[in-house]
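Just the one chain here, laid out as structure tokens, in the form predicted on its own.
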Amino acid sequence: MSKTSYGRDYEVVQRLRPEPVTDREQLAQGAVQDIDFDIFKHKMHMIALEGKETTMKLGASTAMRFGDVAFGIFTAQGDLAVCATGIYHHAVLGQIPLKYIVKHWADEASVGVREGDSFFYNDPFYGGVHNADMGLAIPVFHGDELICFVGAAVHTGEAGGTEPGGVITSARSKYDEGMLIPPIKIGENFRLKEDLLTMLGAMTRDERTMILDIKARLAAVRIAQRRIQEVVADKGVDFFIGALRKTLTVTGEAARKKIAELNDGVFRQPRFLDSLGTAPGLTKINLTVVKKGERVLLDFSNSSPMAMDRPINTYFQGLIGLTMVYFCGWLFHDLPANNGLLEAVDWKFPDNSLVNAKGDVSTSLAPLTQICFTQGMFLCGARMTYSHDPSRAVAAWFSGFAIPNFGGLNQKGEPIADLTPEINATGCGARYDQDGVDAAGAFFATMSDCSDIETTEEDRPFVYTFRNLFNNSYGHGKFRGGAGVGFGLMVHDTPMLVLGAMGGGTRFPTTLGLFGGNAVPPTFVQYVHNSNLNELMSEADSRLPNNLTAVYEAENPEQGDRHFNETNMTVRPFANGDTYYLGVGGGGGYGDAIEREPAAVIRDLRRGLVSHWAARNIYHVAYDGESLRLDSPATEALRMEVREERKKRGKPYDEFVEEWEQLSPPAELLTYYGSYPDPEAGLSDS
């Protein structure tokens, strides 16, 4: 093996920004005319989009079928130049495995990089997230010259490990997490190697999905390869290489210019997790954004230390990937989505921290830690951009996860292990001039979909008892967040099934509001063993709950062995007829709730998206409970009383701080926190 030992390569993961321009690229990009460059960018995006859509149509896993797909075209050095996706973190992180391949395999006689090769990877150290996120890439040649790579990264149903469904809530080290594959060659001469496919299939509970997803990625990148070679045949190889590199150059220059237009400042947003995986516990992700000149620094100093035997650690590169979700979708929304954007970004991660994992620690729940951080990025970004362009200062989408994972046999006796698609049914955050969109998708995969119920039921042993928007699932405010989806499942016709859940925010909200807007309420799991729901359905009982709110009303006739659990729930056996209830959250609120137009509250009451309690106690709207007729003068009087009461509760800031600093969580919840309240304080004293 060349240039490194058999251990992990800590140098290559640092190379998230574009590689130095080569002499060939420099000369070639200088010859690209502007109008030809514009046509090239559009053409390449269409090629990438065709690849993304092909991947989705051919894949088998939940995430692949419904849009958790990142399809990218990369330079010969491995830099992401063009992508088609809503899940930008997989796209930008997809360059690390390629830079590994260029560094280690291109000149290695036993491996090599040749036309017709294909490479697979899922080690989160190189992919940046967790084991279930897998990628496949191919080199593209013109004659004997490597001119680019094409890759597709997608969350596949699972990666083996001690629990099914791709998330291991009980993992204590990386050895509990299943397959860990650094970039390896799994195909040569345009053919996959059946021995390696057999090995990969044997590592998971659902080998069919594993292999079909690999082949879907490969089919898509081969189509893109043909399209790229058509461009090269038409425009010439020098034009292609120069234009691909120019995409990065132009993007980097534009990103720095856009950052320079913002006011300099320091923006702080500490974030907290309430779960360690299988137990409650408090940890801190401390984000400070320093904007100066044409650069932004992300400083994670004073975050909690690594959790040595818990799965909530993340590699730093994963957090940079999640940063790109905010950058590509919000801050740099009008620029090409490629790693040229990172020319304007610096970062600082403390060693051996929760956000900078090392060694053998588990990162199975890294997605939860990463989206908790991203909430902080949204809040800092909103404050950073508001004075420049208030339309880009938006409250965050739901960022806590609340999703079932499962494994076993379906109603056809076939092995299954996956997540359900409701991860893509969260509400987006409110904006400065309007409410958030209901069930918009997922902030990290904005082009994703939650499927129709019948498609999920076709090969999963579930009957949906309901799936719809549920009230108060969002952050209230002058403009409310988009509502999330609540759903009920009943297990049926399976000889063996285990169900769990992955998420956070059961004890306190993970998704905060913006500029006075309310946070998204906590969410949790309810499940009922030995439920009588099947009998009630056969009797067409009219009292059956048809939404998540009705599940918790006194009139609900369902009986059985009822349990409640946080949204990180280790899988457990479920029998036919057992039921499972969960809600994915909505978006954060924007602005003060008592500034909301009373008529908008009445509209939400009519739609069942807000409760009477919230209408009266959060929005302080006066109306007739039967007719829902608004009483405007009484509403104004109520809101004036609220303002006066707030004034009475007010106190000097120093007095508030003095009282606040006397508070502390219970000691048993701080085992993994570090020193409280500043995690690094104890380390600096030792």
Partner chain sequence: MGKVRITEYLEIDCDTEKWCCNRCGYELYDARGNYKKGCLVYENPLEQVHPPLAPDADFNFTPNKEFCRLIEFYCPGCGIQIENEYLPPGHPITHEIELDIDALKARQADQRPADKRSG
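What you see is a predicted model, and the numbers here were worked out from it, not measured in a lab. Numbering follows the first chain given and starts at 1.
Another form, the form predicted together with its partner chain, is not on view; read the next lines as being about it.
Taken together, the three residues Asp68, Lys215 and Gly413 all stay farther than 4.5 Å from its partner chain in the predicted bound form, as judged by their closest heavy atom. Under a 4.5 angstroms non-hydrogen atom cutoff, its partner chain in the predicted bound form lacks Ser118 among its neighbouring residues.
Contact check for Arg172: every heavy atom lies farther than 4.5 Å from its partner chain in the predicted bound form. Although the partner is absent here, Ile618 lies within 4.5 Å of its partner chain in the predicted bound form, judged by heavy atoms. Although the partner is absent here, Pro390 lies within 4.5 Å of its partner chain in the predicted bound form, judged by heavy atoms. Figure note: of the listed segments 646-654, 629-637, 30-38, 43-51, the one touching its partner chain in the predicted bound form, with heavy atoms no more than 4.5 Å away, is 646-654. Among the residues Asp123, Asp438, Asp578, Asp592, the one placing a heavy atom within 4.5 Å of its partner chain in the predicted bound form is Asp592. Checking Leu262, Leu298, Leu536, Val498 against its partner chain in the predicted bound form, a heavy atom within 4.5 Å turns up for just one residue: Leu262. Of all the residues from 650-677, those having a non-hydrogen atom no more than 4.5 Å from its partner chain in the predicted bound form are Gly650, Lys651, Pro652, Tyr653, Phe656, Val657, Trp660, Glu661, Leu663, Ser664, Pro665, Pro666, Leu669, Tyr673, Tyr676, Pro677.
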